[in-house]
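Read the single chain below, which is given as structure tokens and is the form predicted alone.
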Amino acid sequence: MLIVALDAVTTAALLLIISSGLLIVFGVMKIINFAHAAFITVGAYAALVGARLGLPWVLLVPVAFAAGAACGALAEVTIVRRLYQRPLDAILATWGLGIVIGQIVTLIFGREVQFVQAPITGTIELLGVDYSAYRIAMIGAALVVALVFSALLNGTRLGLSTRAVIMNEMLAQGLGVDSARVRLVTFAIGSGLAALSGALITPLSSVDPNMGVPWLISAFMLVMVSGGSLLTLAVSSLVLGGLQVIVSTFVNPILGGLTIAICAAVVLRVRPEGFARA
């Protein structure tokens, strides 16, 4: 049971890291970035290339973040910026963008499955149980992401401007906030976080052009359930991620993969606004 509990916590940590970039874009722009999966893949391949070049892991993560942020900024300027008032079109456009990025990745790297060595190998003994040291490290990574996320929103001028745009964009513009710049930076950060998560999960899964897709549905449903709150996102990741692990372990892995989507759909049916106002 201890291994199941550890699996639940580490899975929740991974889900939080992956979902945080989607959350910040949704919170500011009120659109769902369906290219999020493609940016996860960009980060994974950035880590793969960096590892082949012999870069230390401490550099691979910021390189992946920078690659995702650059791709996100380019996408915002050329595509997303024109669709803020058309959220349905934005969903379709970002979905199409994700397909294009996936095809570009396939042209460059091929379709074969590749792997990246974990920077932390071996196991750690916890209460008599040996458990993956890298998965334990993901708990720390999730805490760092959450703390930096909170500090960015609550302790910086960008965060103040972002919260102003979230609450009342027209009033924020009247007070001199450049909402276009806030949206550009926010989309770049969200895309960078997606790429960062892609780099972090590569040692736990194979790297291929479609590797981000399975994570997208879970991240999307968690963001919807969270109602735009980082704290609620963390709780939702722990609860629903834990349920996914339990179902996968004791019932069926295929049903486990559907657990988050099914549970989130039930929650949204009962509370369309999610849990943020609970």
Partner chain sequence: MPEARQLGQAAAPIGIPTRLWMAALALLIVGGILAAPLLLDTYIVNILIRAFFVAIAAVTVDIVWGYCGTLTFGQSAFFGIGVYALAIIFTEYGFGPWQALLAIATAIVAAAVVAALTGWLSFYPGSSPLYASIVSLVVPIVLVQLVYSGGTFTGSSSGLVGFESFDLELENWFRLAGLSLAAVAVVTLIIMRSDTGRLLKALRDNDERCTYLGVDTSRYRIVVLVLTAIVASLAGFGYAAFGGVAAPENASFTFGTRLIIMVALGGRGTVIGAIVGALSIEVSSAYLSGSLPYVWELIIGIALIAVILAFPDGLVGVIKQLTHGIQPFERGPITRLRPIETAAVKSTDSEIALELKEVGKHFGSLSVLDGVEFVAKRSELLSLVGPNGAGKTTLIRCLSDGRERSTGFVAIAGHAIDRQPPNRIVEFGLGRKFQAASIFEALTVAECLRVARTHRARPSLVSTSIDLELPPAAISVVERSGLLERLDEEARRLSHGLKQALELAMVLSLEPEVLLLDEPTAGLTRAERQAFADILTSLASRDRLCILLVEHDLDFVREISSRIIVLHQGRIALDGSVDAVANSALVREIYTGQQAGDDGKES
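None of these values were measured; they are calculated from a predicted model. Residue numbers count along the first chain shown, from 1.
One more form of this protein, predicted in complex with its partner chain, exists but is not displayed; see below.
A.B. asks: Where, among 188 to 196, 141 to 149, 157 to 165, 102 to 110, do residues come within 4.5 Å of its partner chain in the predicted bound form by heavy atom distance?
C.D. replies: Looking at the partner contacts, the answer comes out as 102 to 110.
A.B. asks: Closest heavy atom of Q85 to its partner chain in the predicted bound form, within 4.5 Å or not?
C.D. replies: Contact check for Q85: no, nothing within 4.5 Å of its partner chain in the predicted bound form.
A.B. asks: M224 near its partner chain in the predicted bound form, any heavy atom under 4.5 Å?
C.D. replies: Yes, M224 sits close enough to its partner chain in the predicted bound form that at least one of its heavy atoms falls within 4.5 Å.
A.B. asks: Taking its partner chain as it sits in the predicted bound form, is D89 in contact with it (heavy atom to heavy atom, 4.5 Å or less)?
C.D. replies: Yes, D89 lies within 4.5 Å of its partner chain in the predicted bound form.
A.B. asks: Any of the heavy atoms of I79 lying within 4.5 Å of its partner chain in the predicted bound form?
C.D. replies: I79: yes, in contact with its partner chain in the predicted bound form.
A.B. asks: I have W95, A261 and L268 flagged as a candidate spot, so tell me whether each of them has a non-hydrogen atom within 4.5 Å of its partner chain in the predicted bound form.
C.D. replies: Yes: each residue has a heavy atom within 4.5 Å of the partner.
A.B. asks: Given that its partner chain is left out here, which of L55, V239, A66, I217 has a heavy atom within 4.5 Å of it in the predicted bound form?
C.D. replies: The option sitting close enough to the partner is I217.
A.B. asks: What is the one choice in L60, A234, V28, I32 with a heavy atom within 4.5 Å of its partner chain in the predicted bound form?
C.D. replies: Result of the distance check: I32.
A.B. asks: So which residues in 123 to 160, when you check its partner chain in the predicted bound form, have a heavy atom no farther than 4.5 Å from it?
C.D. replies: Stretch hits: zero.
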